[in-house]
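Heads up, the chain below is alone and in the form predicted alone; it's given as structure tokens.
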Amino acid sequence: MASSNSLMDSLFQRSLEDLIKGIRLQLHGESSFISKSLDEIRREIKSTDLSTKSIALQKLSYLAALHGVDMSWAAFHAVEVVSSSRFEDKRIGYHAIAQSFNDQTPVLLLITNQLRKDLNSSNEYEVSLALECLSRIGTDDLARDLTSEVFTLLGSSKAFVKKKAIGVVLRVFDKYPDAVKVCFKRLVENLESSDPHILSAVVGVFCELTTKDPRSYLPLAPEFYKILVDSRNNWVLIKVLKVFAKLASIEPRLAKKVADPICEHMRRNVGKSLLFECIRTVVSSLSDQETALKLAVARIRDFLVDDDPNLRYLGLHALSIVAPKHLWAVLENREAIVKALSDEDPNVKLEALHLLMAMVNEDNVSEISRILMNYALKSDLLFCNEVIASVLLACSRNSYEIIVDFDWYVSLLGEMARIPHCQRGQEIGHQLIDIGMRVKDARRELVRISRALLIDPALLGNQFLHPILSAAAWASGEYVEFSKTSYDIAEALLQPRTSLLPPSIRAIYIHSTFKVLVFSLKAYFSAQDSTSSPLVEESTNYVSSLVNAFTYESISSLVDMIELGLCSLSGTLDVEVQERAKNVLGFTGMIKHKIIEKVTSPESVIEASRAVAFMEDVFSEELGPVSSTAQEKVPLPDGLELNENLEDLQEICGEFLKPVVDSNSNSFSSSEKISFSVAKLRISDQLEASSSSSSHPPESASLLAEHRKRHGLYYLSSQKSDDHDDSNGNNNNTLNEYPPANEILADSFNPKKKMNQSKPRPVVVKLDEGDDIKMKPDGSSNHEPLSRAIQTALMGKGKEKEREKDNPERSLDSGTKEQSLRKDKKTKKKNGEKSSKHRSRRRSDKDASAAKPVDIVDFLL
């Protein structure tokens, strides 16, 4: 009965073509059709007929590949299909296994014997299927168990099988490094193969291996050099060049040796792919060879003027590699690079932009910035912002070391904000503030540019530019003494259009207005005094003239304008804006009242002057830049453990951290109904200390006391213990004495020398040299076992020769032992002791590979 059902299933079973046609006919409801097909596949795959099972598995593989259907449930059925004697079924099974199996597949170990059987098959196509499957799903166990079969196939007489076995070696070495002892010698022997397919495969394997640890493959340089000289296969030469690019960076003598063959390839009429690989090898690893480098730069020029955008991109990419060491190569092709900025290909434009920024120095920064800003004005959104970001990064590098005229650069930042597609407001605003804090000579121009930005209506509606307005508002208030008239600054800060800004930025506007008001009032009262205040004495002539310009009418007008502008903000919903507005209004009300009483009560003016002087002292301290590593420089107090495990704190303090809800009320109130009784922590500790003679404390309290004893540094000290002295009478508050996070000393200021320009470079405040961001070192390599195995295989014979020279008697003893072993083997064969032919061949191959490492000649001498 079961056989009749399987026969009916095979007769009426839909093929893969039928499934594809059915899916294409489904205009709507494709998912329902796939569900029905899956139910059909689940029924068919249980058939005892392997043909029916293989077709069902083929359809399932198609649905998994194109529609993401899970096929992990059919893993055992795939193993069954692989065991079929028909090649078509076996191909479908191996494809399904390679597609769905992984290291966690439960039935993975069931295919080990089947793989070994197919690897030893006389049918080269079955061997090919097994090798391809092993290269996809090979695990540590599979690689260990099948190493001997792969070793045998490396010496196969069939080129089709041998080249695939060479490719599988890469996976086997990665999963099972000890396979190097068995297979590496035969892999090296294939470097001398005359078959181009085998040679291409083995060179490809070594190209991948050298990317992991190139130093281990230096002894193979003679073999690679021979291929470089003799081969005319472009793809083989490309792989060999990649190998030499890795090796030459380690061994300097190798660069001189391979420079001539590479130059010969560049002079020949070779393919563009090989020519570019020669150029990349020279500019990346042979840049010290002058002749080769000049020839490579000349060939790069041919790429830059080519009509193909792909070749132009490759030429620019090659220049970007050579630019760090040999900038002259970039300068020689400057015209072609600038022309590439208007290329239609966005990748070509980006490469040209990066190259142009590599040429920037203090002499040409103005010219290059002007060229790039013109391109940014007529470029699309993406490239425009790339141009702006590149200019900002290049100009701010190393504390603006290439900027001599900061007035020009501040005005350039203002022009960037007006570019239509600009979305780099965060970076521009940060640099405006940074320059204001670092460069005192640029503050006057900064205030002028900031006011121009504040009154520009086009910037208010662009959310990407709001950080620029925030920085401009801060600079206008912080450095108001450099403005022409403080009234204009306050008017710009209080204009009605600021309602378009978010509350966080409006709060900065209000705070800057407060600074402007305090400075103006201080200047007014200083001008009224008969004796000069410290502000006037220490100020420059420009600030002094500004101070003397304030009169009663101008101050009254400024105060009235501020009151009018902030009255509407005192009732806003945002608490930050509302609080700042009310603070300023309260201050202006008090000052205005005192000024009006000037005639009747001179003491009111004195009182107002003192209040203004106090507020002016609050803003008088100059702000400086903060190092990115300032927090790391704060020393940890002695005894503070930051790595202790506090996971048990929640369990111990659970009852103290629970919210206390008023049972008499059904509603919750954040201020009255719910309160977190953290104070209970301190009260419970005090109760424990005072009631030692009373009843035992609860378990949670005792656990809390124990936890506090172990982790006392994490708890806030009580009021009594804050001023507690130890037994010796010494105050025990040293742990709370933290040094300031950012204390800039006079010695930290490192002014630059004067440049060779008409205008000397101003002083730029720089932080300590140790404030650079430290890069974390790379972790240890994951390929150390494979590297050690390769080095052992390559260097073993040289070490044996040295041992023989040092101990000739030991070598004689080993020779006599080998002779005796050979005699024993002959006697065993004569006595008729038989062993498996396959096992003996495998064992002899292993012994040969282990006893005879590769002999490498030092051809560099």
Partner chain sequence: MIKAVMMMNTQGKPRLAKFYDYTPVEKQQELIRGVFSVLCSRPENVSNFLEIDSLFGPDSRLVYKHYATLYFVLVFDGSENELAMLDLIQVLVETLDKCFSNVCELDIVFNYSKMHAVLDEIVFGGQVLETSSAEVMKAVEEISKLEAASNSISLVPKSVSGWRGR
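Residue numbers count along the first chain shown, from 1. Worth saying up front: this structure is predicted, and the values here are computed from it rather than measured. Rigid core (definition): largest C-alpha set, two forms, superposition within 1.5 Å.
Heads up, the form predicted in complex with its partner chain isn't pictured, but that's what we're talking about next.
Within 4.5 Å of some heavy atom of its partner chain in the predicted bound form lies at least one heavy atom of Y62.
Its partner chain is not drawn, but in the predicted bound form it has no heavy atom within 4.5 Å of P496. Residue contact with its partner chain in the predicted bound form: D70 places a heavy atom within 4.5 Å of it. Within 4.5 Å of any heavy atom of its partner chain in the predicted bound form lies no heavy atom of Y552.
Between its partner chain and the residues K164, R506, R451, H77, the one pair within 4.5 Å by heavy atoms in the predicted bound form involves K164.
Checking K256, K592, R136, R334 for any heavy atom within 4.5 Å of its partner chain in the predicted bound form turns up a single hit: R136. Figure note: of the listed segments 394-402, 186-194, 207-215, 575-583, the one touching its partner chain in the predicted bound form, with heavy atoms no more than 4.5 Å away, is 207-215. For the three residues S100, V168 and N347, a heavy atom within 4.5 Å of its partner chain turns up in the predicted bound form in every case.
If you take 250-283 and check each residue for a heavy atom within 4.5 Å of its partner chain in the predicted bound form, you get K272, S273, F276, E277, R280, in sequence order. Shown in the overlay between this form and the one not shown, fitted on the rigid core, is a CA shift at S100 of 2 Å or greater. Once both forms are overlaid on the rigid core, the distance between the two CA positions of T291 between this form and the one not shown is under 2 angstroms. Positional change of W73 between this form and the one not shown reaches 2 Å or more at the C-alpha, relative to the superposed core.
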